[in-house]
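Shown here is one chain on its own, the form predicted on its own, set out as structure tokens.
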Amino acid sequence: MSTATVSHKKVKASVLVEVCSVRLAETWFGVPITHILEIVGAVRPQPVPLAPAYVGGLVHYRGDVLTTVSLRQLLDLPPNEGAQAILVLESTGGCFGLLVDAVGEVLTVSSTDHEPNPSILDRRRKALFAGAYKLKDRLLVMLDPERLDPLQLSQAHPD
């Protein structure tokens, strides 16, 4: 009598996540749509004197003043002289705006295509990124709105 060997591989179930793709320079980023309240296009935030460099400025939003975060500044990219789109994001600290060059489409990505941050990534970028998804034609670097919240950034980047 022969006995068959049974392989016990752990198979991870695939979880689908919907993300909004946004572009900054030549890189595509993803933001979970569960954190996005609204997308506001073509605005020019008012500068805030003496604010940390990552503060992109203030904008009027539904009768309130919304603080924006400049992803370009956080990533040490040159400023965008044109109007930028703003993603209004919700986090535990409240609402804030994220300035991006362009908004793409909503994509459904699979957890099986997710890769963690590479070990060679510097500490500051590791703190901003939540890994990446391998798409057919590009990588989609994931952003975690909690990590981009101005209150969190003020603790992580004291100026």
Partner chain sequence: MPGKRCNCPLTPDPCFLKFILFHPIKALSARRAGAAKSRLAGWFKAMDELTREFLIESQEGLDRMEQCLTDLETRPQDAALLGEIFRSVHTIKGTTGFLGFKRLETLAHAGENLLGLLRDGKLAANRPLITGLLHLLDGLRAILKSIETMASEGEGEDSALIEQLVALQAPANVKQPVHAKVGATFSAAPAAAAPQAPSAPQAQAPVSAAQAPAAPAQQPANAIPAPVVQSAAAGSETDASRPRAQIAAAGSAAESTLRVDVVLLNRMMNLVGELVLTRNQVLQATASDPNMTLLSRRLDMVTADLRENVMKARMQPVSNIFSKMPRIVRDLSQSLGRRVRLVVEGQDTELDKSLLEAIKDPLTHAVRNSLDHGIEPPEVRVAAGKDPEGTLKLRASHEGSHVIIEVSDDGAGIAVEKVRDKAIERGIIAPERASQLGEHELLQLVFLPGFSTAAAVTNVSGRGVGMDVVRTNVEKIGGKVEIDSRTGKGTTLRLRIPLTLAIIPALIVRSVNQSFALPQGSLSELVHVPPEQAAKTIEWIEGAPLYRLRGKLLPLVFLDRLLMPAGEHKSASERDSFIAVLDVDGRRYGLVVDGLADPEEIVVKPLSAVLKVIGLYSGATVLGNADLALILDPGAIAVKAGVTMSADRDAEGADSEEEDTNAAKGMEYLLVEAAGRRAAVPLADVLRIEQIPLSRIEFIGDRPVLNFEGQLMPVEDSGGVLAAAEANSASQTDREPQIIVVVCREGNRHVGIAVSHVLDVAAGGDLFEAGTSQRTGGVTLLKDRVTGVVDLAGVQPLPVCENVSEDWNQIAETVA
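Numbering follows the first chain given and starts at 1. Remember, it's a predicted structure, so these values are computed and weren't measured experimentally.
The protein also exists as the form predicted together with its partner chain; that form is not presented, and the subsequent description refers to it.
Q: Verify the flagged residues 27, 73 and 119 against its partner chain in the predicted complex: is each one within 4.5 Å by a non-hydrogen atom?
A: Result no, not one residue of the spot touches its partner chain.
Q: Any of the heavy atoms of residue 38 lying within 4.5 Å of its partner chain in the predicted complex?
A: Residue 38: yes, in contact with its partner chain in the predicted complex.
Q: In the predicted complex, does residue 131 have a heavy atom within 4.5 Å of its partner chain?
A: Answer no; every heavy atom of residue 131 is more than 4.5 Å from its partner chain in the predicted complex.
Q: How about residue 112: is it within 4.5 Å of its partner chain in the predicted complex, going by heavy atoms?
A: Looking in the predicted complex, residue contacts with its partner chain do not include residue 112, since no heavy atom lies within 4.5 Å.
Q: Could you tell me if residue 62 has a non-hydrogen atom within 4.5 Å of its partner chain in the predicted complex?
A: Answer yes; at least one heavy atom of residue 62 falls within 4.5 Å of its partner chain in the predicted complex.
Q: Looking at its partner chain in the predicted complex, which residues in 74-107 have at least one heavy atom within 4.5 Å of it?
A: 90, 91, 92, 93, 94, 95, 103, 104, 105, 106, in sequence order.
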